[in-house]
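Next up: a single chain in structure tokens, the form predicted on its own.
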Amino acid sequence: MRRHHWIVRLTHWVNVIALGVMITSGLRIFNAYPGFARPGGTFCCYPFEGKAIPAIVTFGGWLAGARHWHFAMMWLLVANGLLYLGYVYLRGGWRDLVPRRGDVRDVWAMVRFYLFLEREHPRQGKHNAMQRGAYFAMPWIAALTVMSGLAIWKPVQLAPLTDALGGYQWARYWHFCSMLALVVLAAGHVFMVVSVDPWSLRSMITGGWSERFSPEVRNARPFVNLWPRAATMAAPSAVTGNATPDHAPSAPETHP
């Protein structure tokens, strides 16, 4: 069964590389002036003024080198993002990612399941409500990252944009916060893949997928039931049989 089109897989792994380089090179750029207040001033919303980011999590070697890497990856990331958004829009994949009525209830159901307050994995389809929320938020956070990055890159030429973000210092701050939000979402995504759905790596590399490896069939929680149970090896209907119309699983992609 084919789960992810090659464009989805390609853009996913390009994002991994481009975001990794952009974030670490951006932290190296930040270390050239590790704060948001003007010299001699104060800034209300950052308690670590003047404290540099540990060099081990930075990339680029020095300021100019980090800037070269940062701007090179910027164009790659924007082009990659436009390719992905264009694909999911034209092929209708966006319908699996937008919020739905009842998502708050479904998020709470997933939280209760992960806290062992519910015995059975909620039936929520290809993406559960927590995943949809994260995947829906990422492009908007990325858009803020791009806009604030442009504002601090060209503060004179793009003065209206810089002013709309509160000025140069605040534009830097929004750029930093949006980067941090992407890091948190990415870290949460990696943790859930490793601890709940390591089998999804196959689908993101080759596109192949089997329902018997899904978290719903395995009743998987973080680090619990990572392997398919013998009783479910031939029971993909366990995923779809109890689904309601509002939360029925999306049909897997069948593109080559």
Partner chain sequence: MKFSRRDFLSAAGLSAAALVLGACDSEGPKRAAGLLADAERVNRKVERSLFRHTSMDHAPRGAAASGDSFPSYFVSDEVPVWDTAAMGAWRLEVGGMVRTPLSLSLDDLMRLERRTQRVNHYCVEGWTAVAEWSGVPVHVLAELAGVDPAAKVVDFESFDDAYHESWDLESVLHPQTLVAYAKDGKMLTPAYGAPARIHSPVKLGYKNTKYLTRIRFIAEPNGGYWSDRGYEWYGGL
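Here the structure is a predicted model, which means the values were calculated and not measured. Residue numbers count along the first chain shown, from 1.
Keep in mind that the form predicted in complex with the partner chain is not shown, yet the notes after this line are about it.
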| property | result |
| --- | --- |
| Residue stretch of 74 to 82, 93 to 101, 137 to 145, 119 to 127 approaching the partner chain in the predicted complex, non-hydrogen atom distance within 4.5 Å | 74 to 82 |
| R67 within 4.5 Å of the partner chain in the predicted complex, heavy atoms | yes |
| Distance check, R172 to the partner chain in the predicted complex, heavy atom within 4.5 Å | yes |
| Partner proximity in the predicted complex: K154 to the partner chain, non-hydrogen atom cutoff 4.5 Å | yes |
| Contact flag, Y168 vs the partner chain in the predicted complex, heavy atom cut 4.5 Å | yes |
| Contacting member of V224, V190, A55, L201, with respect to the partner chain in the predicted complex [4.5 Å, heavy atom] | A55 |
| Output flag, A186, I205 and G208 jointly within 4.5 Å of the partner chain in the predicted complex, heavy atom basis | no |
| Within 4.5 Å of the partner chain in the predicted complex: residues from 26 to 56 (heavy atom criterion) | R28, I29, A32, Y33, R38, P39, G40, A55, I56 |
